[in-house]
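Quick setup: one chain, the form predicted on its own, written in structure tokens, and binding and motion questions come after.
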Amino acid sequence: MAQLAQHDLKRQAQLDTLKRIGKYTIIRFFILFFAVAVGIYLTILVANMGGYVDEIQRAEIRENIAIQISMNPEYKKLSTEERKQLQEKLVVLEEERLGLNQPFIIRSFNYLKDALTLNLGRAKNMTSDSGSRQVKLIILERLPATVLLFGTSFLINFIASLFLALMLSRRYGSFWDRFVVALSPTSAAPGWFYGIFLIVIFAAWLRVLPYGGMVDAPPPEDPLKYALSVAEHMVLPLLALAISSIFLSIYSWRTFFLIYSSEDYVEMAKAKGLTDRTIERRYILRPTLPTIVTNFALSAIAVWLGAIIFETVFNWPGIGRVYFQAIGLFDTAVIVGTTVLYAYLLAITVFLLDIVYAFIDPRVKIG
């Protein structure tokens, strides 16, 4: 009887825990969804300059229709007043077709609804490599190039930073430790800054590496040669990204690990005679795992967006260049589309991190 009662209490406790987790998950979901909606709407307002882009589009419509009327021989027979009336009629029809006859505030909420449902629409001035104006295709065509470059750089820098930081935390005050500390200010300059010098040295002067781009022109037909060509074009961008981030990243993680290395339980483990690797794995990496996972996940999101100036310097056909072109052409649909992608990735990552914490950190309690 006592065992049955104990079993019922245990089952009830599990149900209560599941209810708390479910309630917490639902609340977090709606909070993040609201944050995404607000961020996207603000992007719509900024991208449209509060409706000023609509005025530019109306002016372009009026100018294009005026040119069409003046170039059409049939319309030359009309009087000046008749041509003016025809122009106004065609302008009204074109504005109705594009929805410009509605107030901007109403159209902005229509844009928000389409963005939240991933109905990214069609670009105004930009096209994909296949000739399509669908924003989804424009982004998806350039996304692999960005993920390839920045994903490779991110993984190399992240793994190398952790490994070298752990090694330096064991050799505090050594020559290599002071060397990394001395070079950490080099990360103050962005990657494209070092990229310009690397292009001048290795491409213009030594002529051993290409100036930019993703692959030779024309691209090799053989898959192996194509892969080797891509790898050759990635050398300078990866090197520029590494120089601009690796030393500061190592210094940051090394300092972080040093803080945990001075804890009493680590000193106790050293007194027991445990090896350095065992101490790192059990007593340093384990309590810092939530921070490492958070840094990895949030940094990985940036892989999807690339970098505008960096991709422009290296002529890399990624999302960053698409974003830059969209800003120059006032292509609101593409600007909002890339922002929607980032917003959803950020929200999903934060949402999953809250769940992952419960598994990797026993100190996390869901109330």
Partner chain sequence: MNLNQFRDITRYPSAVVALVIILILVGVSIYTVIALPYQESVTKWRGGDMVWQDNPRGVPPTWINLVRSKKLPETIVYRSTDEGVEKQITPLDKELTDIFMSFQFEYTADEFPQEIILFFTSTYEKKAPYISLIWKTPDGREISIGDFAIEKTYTRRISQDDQLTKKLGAPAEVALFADPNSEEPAPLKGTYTLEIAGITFEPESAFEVKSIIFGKVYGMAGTDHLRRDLMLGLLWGTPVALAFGLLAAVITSVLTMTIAATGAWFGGWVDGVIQRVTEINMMLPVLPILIMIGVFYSRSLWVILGFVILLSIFGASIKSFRAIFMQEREAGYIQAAQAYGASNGRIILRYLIPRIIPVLIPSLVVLIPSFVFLEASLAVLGLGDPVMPTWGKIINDARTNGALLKGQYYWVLEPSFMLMLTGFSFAMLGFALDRIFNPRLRGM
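All values reported here derive from a predicted model rather than from experimental measurement. Positions refer to the first chain, counted from 1.
Beyond what is shown, the protein has a form predicted in complex with its partner chain; the following relates to that form.
- The contact with its partner chain in the model of the complex, taken as any heavy atom within 4.5 Å, belongs to 194 out of 283, 194, 111, 253.
- The closest heavy atom approach of residue 57 to its partner chain in the model of the complex falls outside 4.5 Å.
- Looking at residue 29, you'd find every heavy atom of it more than 4.5 angstroms from its partner chain in the model of the complex.
- At least one heavy atom of residue 312 is located within 4.5 Å of its partner chain in the model of the complex.
- At a distance threshold of 4.5 angstroms between non-hydrogen atoms, residue 350 is in contact with its partner chain in the model of the complex.
- The candidate stretches are 120 to 128, 230 to 238, 245 to 253, 138 to 146, and the one lying within 4.5 Å of its partner chain in the model of the complex by heavy atoms is 245 to 253.
- Residues of 22 to 61 that come within 4.5 Å of its partner chain in the model of the complex, judged by any heavy atom, are 28, 31, 32, 34, 35, 36, 38, 39, 42, 43, 45, 46, 47, 49, 50 in sequence order.
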